[in-house]
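Have a look below at one chain only, the form predicted alone, in structure tokens format.
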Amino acid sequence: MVRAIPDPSAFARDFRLDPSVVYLNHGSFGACPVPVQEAQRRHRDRVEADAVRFYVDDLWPLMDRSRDALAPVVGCDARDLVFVHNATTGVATVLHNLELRAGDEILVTNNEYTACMNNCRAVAARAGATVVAADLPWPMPGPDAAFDAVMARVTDRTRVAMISLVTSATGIRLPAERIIAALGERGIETILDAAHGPGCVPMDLDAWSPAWATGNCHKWLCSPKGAAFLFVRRDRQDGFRPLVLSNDAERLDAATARTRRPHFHHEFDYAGTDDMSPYLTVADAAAYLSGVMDGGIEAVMAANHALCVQGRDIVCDALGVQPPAPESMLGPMATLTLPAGAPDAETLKARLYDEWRIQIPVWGTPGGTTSIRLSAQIYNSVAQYEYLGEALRAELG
């Protein structure tokens, strides 16, 4: 059966998305606009024109350019930022810099990202520590319920917590700043997993003051794949090192005297020959998003949130279900629990894609339910969510 695919928004002209697909899954891997892709190509061309000059001299100010562009987006001083390939790498780097002992506990929630949890368990096992998970309720009544669930699992053995700013599976914006502050009062530091952070929801790392935070730039900030940030609070930077040590590891003082930068930046900014173009293009991605709407990135985040809520309500009405979380806990993503009797997640996801050409996550959520997660980016349109509602009505009978 040939179906009329609804048009995306006018902003879709800036993206290379397949026009035969209704793309409602920006949250998984993002999508990089054409002007930003072109900027990345220019950075790569610069490397190939004179790689020696690039890696020895040009790299340092170009990294600072992206750092300076990202700092106001995440709400911190640029001196406290370095770049890593993705948020999982950021989490792993922090975990490997910790000094855990046997009997220590790492506090997480049952909504943490699988790859980050794998790293938590591996590091804990080597130290003889334990990973303790707080069960967040689903449906989610509100921020207080999330806060209480986390704090209820704190013990006198809790040494560090890893908490998502926006959960991946359920798309909930957790009260991270409240959790960080409450844990800090008990002497417990927090790793803030803001994989969905830059360009997704407003951030103020200086005010929230986690010891460490990491987040992807390739998702909601629309940079090329392979660009993420790692924030380390100033008092935690001494002796904090990347997972891979490069040539200057044992002569940092001399090296940093040449590059005129702190050890923290020098070691992370150059860890051997690598494609640095995703990092360098973060500044270009921030400039693109700042220019597409009056009001800059803040306006984009507000517009995406509004479209997400509208899309969520359209699909809820189509299915006759209630939203499982309050609007106040949403950014540009919303997860909806499907009615009882829905096909299993793998079957439904395949049918939505093969029969309706809709790209959207369908997966399990806490409590053994099946859910879909909507994303809203500037290239999406209201008509696409109406089409999704029609498809779900048909597939769920």
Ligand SMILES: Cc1ncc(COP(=O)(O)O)c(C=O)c1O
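Numbering starts at 1 and follows the sequence shown. Keep in mind that this is a model prediction, so the values were computed, not measured.
FYI, the form predicted in complex with the named molecule isn't displayed, but the following is about it.
In plain terms, the part of the chain that comes close to the named molecule in the model of the complex, with a heavy atom within 4.5 Å, is 214-222 out of 296-304, 267-275, 214-222, 200-208. Although the partner is absent here, S164 is a contact residue: one of its heavy atoms lies within 4.5 angstroms of the named molecule in the model of the complex. When contacts are judged by a 4.5 Å heavy atom cut-off, W138 does not count as touching the named molecule in the model of the complex. Although the partner is absent here, Y113 sits close enough that one of its heavy atoms falls within 4.5 Å of the named molecule in the model of the complex.
Of the heavy atoms in T93, none are within 4.5 Å of the named molecule in the model of the complex. Checking A87, A146, V82, I172 against the named molecule in the model of the complex, a heavy atom within 4.5 Å turns up for just one residue: A87. The contact with the named molecule in the model of the complex, taken as any heavy atom within 4.5 Å, belongs to S168 out of S168, N119, T109, T190.
Using a 4.5 Å cut-off on any heavy atom, the residues of 180-203 that reach the named molecule in the model of the complex are, in sequence order, D193, A195, H196.
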